[in-house]
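Next comes just one chain, in structure tokens: the form predicted on its own.
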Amino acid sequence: MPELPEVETVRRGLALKMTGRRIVHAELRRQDLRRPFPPMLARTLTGARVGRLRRRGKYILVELDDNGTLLLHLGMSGRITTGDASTPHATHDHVVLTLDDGTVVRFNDARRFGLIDYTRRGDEEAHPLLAGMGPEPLVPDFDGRCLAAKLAGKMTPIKAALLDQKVVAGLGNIYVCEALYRAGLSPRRVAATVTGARAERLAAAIRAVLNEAIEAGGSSLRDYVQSDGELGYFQHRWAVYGREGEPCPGCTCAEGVRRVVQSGRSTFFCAKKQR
């Protein structure tokens, strides 16, 4: 599933093409994705002018001039790309928006785990999909103290705690593995013990790996592409994720990168460097 860097990369690309433009035609080529589309969605979108595009966790929020907000989630295989009318529709282009300058925005989702919803402006944080979501890790006040407060009392492994969207918004398996490696923290460490200097190291590592991934256009695995159809490149800079048995960067351990399964997810780490 695309994580924060991939969603932020798509948001930025869409903002360049959509902000200030009017939707002249909205075509829903089926009635649902993971869940049914809101009633009358095509009629609501047609004629609306697009305002600011924001991100909350792994969701893209598109503000419209009718005091509404469109919520978009890519799911497992979703991609949102921009082009023009000369490009023929693909099989899984389930939602197609035509803008007043001829730009065509396509939501393609082969597995249909993505999601589109609509809510009133100002009600976003109360929406069931967003309510209770943890802090954004790229805001200025996300630091060790903020992170430690969210981890306080949690006796689960730190890897599992960071995947909880109520602890930190937008993190997923790839970037949690990479951040824990950079911070030198074992994925098996009890979350509540990540305080003080440990929490500061981890918060800094989370911010750094996310920002670097965004600069690289995210990580392309299977279906993910940027809004212009280009691949992301951060997968070439992974230190541990997906590198089981390979040499551990900057470490003299003989075993190399290890893989264990936690809560049904693969975790990659260095047993020597991460404590």
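The numbering used is simple: start at 1 and walk along the sequence shown. Here the structure is a predicted model, which is why all the values come from computation and not from measurement.
In what follows, reference is made to the form predicted in complex with the DNA, a form of this protein that is not presented.
From the list 199-207, 117-125, 179-187, 104-112, the contact stretch for the DNA in the predicted complex under a 4.5 Å heavy atom rule is 104-112.
This chain appears without its partner; in the predicted complex, the one residue of L138, M76, V96, C146 with a heavy atom within 4.5 Å of the DNA is M76. Though the partner is left out of this view, R55 does not reach within 4.5 Å of the DNA in the predicted complex, counting heavy atoms only. Although the partner is absent here, M155 sits close enough that one of its heavy atoms falls within 4.5 Å of the DNA in the predicted complex.
For E3, a non-hydrogen atom is located within 4.5 Å of the DNA in the predicted complex, even though that partner is not displayed.
Proximity of R29 to the DNA in the predicted complex falls outside the 4.5 Å heavy atom cutoff. Of the residues in 120-149, only L129 comes within 4.5 Å of the DNA in the predicted complex through at least one heavy atom.
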